[in-house]
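Heads up, the chain below is alone and in the form predicted on its own; it's given as C-alpha cells.
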Amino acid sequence: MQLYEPTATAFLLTALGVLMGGSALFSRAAGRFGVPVALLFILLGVLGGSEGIGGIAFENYGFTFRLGTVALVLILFDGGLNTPLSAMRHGLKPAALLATVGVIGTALVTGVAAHLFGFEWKQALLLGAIVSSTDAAAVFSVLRGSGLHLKRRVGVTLELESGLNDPMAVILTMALTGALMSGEPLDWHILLHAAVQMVVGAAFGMGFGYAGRLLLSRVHLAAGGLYPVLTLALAFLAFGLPTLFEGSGFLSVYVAAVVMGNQSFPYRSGLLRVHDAMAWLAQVCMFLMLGLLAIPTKLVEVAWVGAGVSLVLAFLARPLVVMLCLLPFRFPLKESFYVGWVGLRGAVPIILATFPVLARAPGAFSIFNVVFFIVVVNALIPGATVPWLTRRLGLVSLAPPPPPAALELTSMHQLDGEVVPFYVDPASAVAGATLAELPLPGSAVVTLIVRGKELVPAKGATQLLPGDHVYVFCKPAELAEVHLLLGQQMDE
C-alpha cells in the first residue's frame, strides 16, 4: 500500500500535467483557426479517457459536480470583477431579459425538440434547461484569437447575459430534476421559486460586494499573496450563505464581484490577474472532465438525437428566442441575429448535466451524453463561424487595439495617483506634438510610450505618433483634464 499510493498519485499528476499542458499549448493554434478552445479541451479529455490512448477510467460524477460548482464560482467572480458599471448601464435591461425570459424560452423550444426526438416531456424540458445558458468567455476567446473586438453594445449584452443567465439555468435544472424524481406535475411555482432565489441572491451579492469594498480599502495585509486569499474567501461566502437561505449563490457571486470590481483598491492589477488565471484553470478542468466522462461507445447510441437537438438549439431555439427578446430594445436585425447565433455553451451545461445523474433521475445518463453532443456541435457550428460572421455583419469595433506591453503600479496600499494608458488616434490634436509641447496639468507626466514592439523613453523632444500608447502618471483629480488633452483612454 505504501508503494501503491505514491505511484497512483504520480500517475494522476502526470496525466493531468500532460492534458492541461497540451490544452494550454494548443489553445493559441485553435484560436487562429476559429475553433473555440473548449472543443480542444474536450477532445484532449476524450483522448485521455477510458476508451482513449490515456486509458484513464474516470466516472466520478459527484466529484465533477462539486468541482464544477467551485469552477463556476471562480468563473462568475472573475467575470464580475471585469464588468464595468458603464457596461451595466448600457446593456443591463436587454441582458436581464435574455437571462430570464430568454433562458426559459430557449429551454422550452429545446425541450420540445428533445421530446420530438424521443425524450418524455419532463426529461426533454430538463435537457432544455441544462443547455439554456450561454458562455461569453467562449465567444471572446475566439474573437481574441482572431484579433477582433466586438462593437460595444453587442459585446456588453453578450457578456452581461452570460454572467446573469447561469442562475436561472441552475434553478430550472434543480426544479425540473425534483419534479422528474417526485413525479409531481409542473406548475407556476417553479417560476415563483426562481424569482425568490434571484431576489435573495442579488441582495446577498450587494451586501458582500460592499463588505468586500470596505475590507479591501481598510485592511492592510502582510503580503500581496494574501489579497487573492481574501477575495476568494469573499467569493465562496457570497455563494454559500445565500444558498443556505434559499437564494441563488451564483447570482450573488456575480453581483458581489461587479460591486467590488468597480472600486479602486490595493493590489488591484495583481488580483485581477490571479482571478483570471483561476477562471481559466476552472474552465480547462471542466472541459477536460467532460471529455474524460464521455464514453465514445455510449455516445454513438445517442448520436442521432444529440446532433438533432444540437442543430435545433443552434439554428432555431436560441436565435428565435433572442430576436423576440431584443425586439423591445430596437436592436438592428443583424445585431439580434448575431447575439442569437453566437450564444456558445460553456462549462455550465457540464456541471448541470451531472445533477440528474447524482439524483439517479430516469434517463439521466442519456441526457448527459446528449449534452456532450450539444457542447461539441455548438463549439463547431456557431463557434467556428464567429470571426467570419463578426466581419460579415460589420460588428467589428473600431476601438484601438490594446497595447502590446503594459505599465502599472502594484501596491498593497491605496496610492494618491495612478498610471493611465491613452491611445494616440491619427485624428488626435496631440499627434505629431512633442512631449514638451503638451500642456499637462499639475503633477501629470508621461512616463512611457509603447510604439508597436518598441518602448520609447519619455523625453521632452520625444514626438507622439499616431498609434502610440502613452502612459501618463496623474492624480485622480487631474485625470479628466488629461483625458480631454490626450483623448481616448485605453482599457487594458
Partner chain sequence: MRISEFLSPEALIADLQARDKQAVLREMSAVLSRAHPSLKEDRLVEVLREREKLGSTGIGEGVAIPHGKLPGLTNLVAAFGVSRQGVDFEAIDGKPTHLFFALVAPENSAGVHLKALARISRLFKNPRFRASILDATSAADIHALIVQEDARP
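It should be emphasised that the depicted structure is a prediction, and the values quoted were computed from it without experimental measurement. Residue numbers count along the first chain shown, from 1.
Same protein, other form: the form predicted together with the partner chain, not shown, and the subject of what follows.
Contact check for residue 51: every heavy atom lies farther than 4.5 Å from the partner chain in the predicted bound form. Contact annotation: residue 467 falls outside 4.5 Å of the partner chain in the predicted bound form, judged by heavy atom distances. The shortest heavy atom separation between residue 428 and the partner chain in the predicted bound form is within 4.5 Å. Taking the partner from elsewhere, residue 484 is found to have a heavy atom lying within 4.5 Å of the partner chain in the predicted bound form. Stretch 420 to 428 is the contacting one of 449 to 457, 420 to 428, 59 to 67, 42 to 50, since its residues have non-hydrogen atoms within 4.5 Å of the partner chain in the predicted bound form.
The three marked residues, 324, 332 and 394, fail to reach the partner chain in the predicted bound form, with no heavy atom of any inside 4.5 Å. With the partner omitted here, the residue from 10, 480, 18, 25 that has a non-hydrogen atom within 4.5 angstroms of the partner chain in the predicted bound form is 480. For the stretch 432 to 452, the set of residues having any non-hydrogen atom within 4.5 angstroms of the partner chain in the predicted bound form comprises 432, 433, 437, 438, 439, 440, 441, in sequence order.
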